[in-house]
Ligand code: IPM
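Single chain ahead, written as structure tokens, the form predicted alone.
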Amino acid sequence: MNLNITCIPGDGIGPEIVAEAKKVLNRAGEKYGFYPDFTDILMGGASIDVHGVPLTEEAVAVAKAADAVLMGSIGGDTTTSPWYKLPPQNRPEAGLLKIRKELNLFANLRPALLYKELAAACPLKEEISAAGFDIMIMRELTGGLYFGERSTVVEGGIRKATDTLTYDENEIRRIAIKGFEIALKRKRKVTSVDKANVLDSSRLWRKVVEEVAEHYPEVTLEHMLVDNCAMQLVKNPAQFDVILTENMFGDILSDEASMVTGSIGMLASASLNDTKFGLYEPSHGSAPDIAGKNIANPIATILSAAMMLRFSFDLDEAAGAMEAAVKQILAEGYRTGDIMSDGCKQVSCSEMGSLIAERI
């Protein structure tokens, strides 16, 4: 089985962490009978340096022809890099916005997993962190308040700003379907988060999610108001499996969830369209201050690659083996500098990738 994967090494530490994810994918392929076929394209500052734009149409075409996209990181130091003297539409991050739009990536997946070996870094009380948690936040990515009509006007000498929150039932239905499908691969529970006691958009959200739930009797559905969900994430995160929510709520809740894990360097993410296609990337940035030093943490990118195997290729066993390998090396006491603690052995970026590959 050949996997046609477009890789975007990107900027900063991107090339280093993508190289380690490729290493681990190749090892998983040897063990589980698939062959990753990688094609690299330029995006972000790397593309600006060569082509003068953050993403070319040729690069978009290569990505569209792939089965999935694996990305490192985009951007640089906003105060010193010449990329940020360019107009906003020509800066590195504009390439990311463009590729999301071109690939119709409407479903954002942000897992928040607390590894017991890293529990000491969790900011929650020990009696809460001891229970651990494994959450998948499903955020609608292309609708809602961020994409509605907006205006700023002056009326009677008073400045007035308006932002419009709009969802139609088709936008809600497609993200809900993704949420239930992913719950089937996990603990089979969906918590749909809204503000249905106030907002019409949330009342429609709740109705459509309930309609979708009828087709997934194996999955338990509960509804939760967003303010309560924000509280429950710090009070009892272990109760959650899949959190399904709209764009702005998902933006806020996923950042909250990432912080209670204690280390953003461990967090993967994915953005999916209405097929099996997805773009997979770590949640962290390009860390230009440590680029080229071989000290970056590649685990988030490796876990993003595992998500790719699971959600784009249905290679659940191989994905599980990659995730288990990460847990094993943490249990053995290996750490990169960002997660280093007393009594552990610090390793480089490339050493970490090799150790994880060896454990598959």
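Take the two forms, superpose them, and find the largest set of C-alpha atoms that agree within 1.5 Å; that set is the rigid core. Counting begins at 1, following the sequence as shown. All figures in this text were calculated on a predicted structure; none of them were measured in a lab.
A second form of this protein, the form predicted in complex with this ligand, is not displayed here; the remarks below concern that form.
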Given this ligand in the model of the complex, answer whether the residues Phe106, Glu171 and Lys178 all have a heavy atom inside 4.5 Å of it.
-> no
Can Leu145 be called a contact residue for this ligand in the model of the complex at 4.5 Å between heavy atoms?
-> no
For Glu93, is any heavy atom within 4.5 Å of this ligand in the model of the complex, or not?
-> yes
Although this ligand is absent from this view, report whether Lys98 comes within 4.5 Å of it in the model of the complex, heavy atoms only.
-> no
Any of the heavy atoms of Asp194 lying within 4.5 Å of this ligand in the model of the complex?
-> no
Across 243-272, the residues having a non-hydrogen atom within 4.5 Å of this ligand in the model of the complex turn out to be Asp251
After the core is matched up, is the C-alpha of Glu246 off by 2 Å or more between the shown form and the other one?
-> yes
Core-aligned, does Pro288 move its Cα 2 Å or more between the shown form and the other one?
-> no
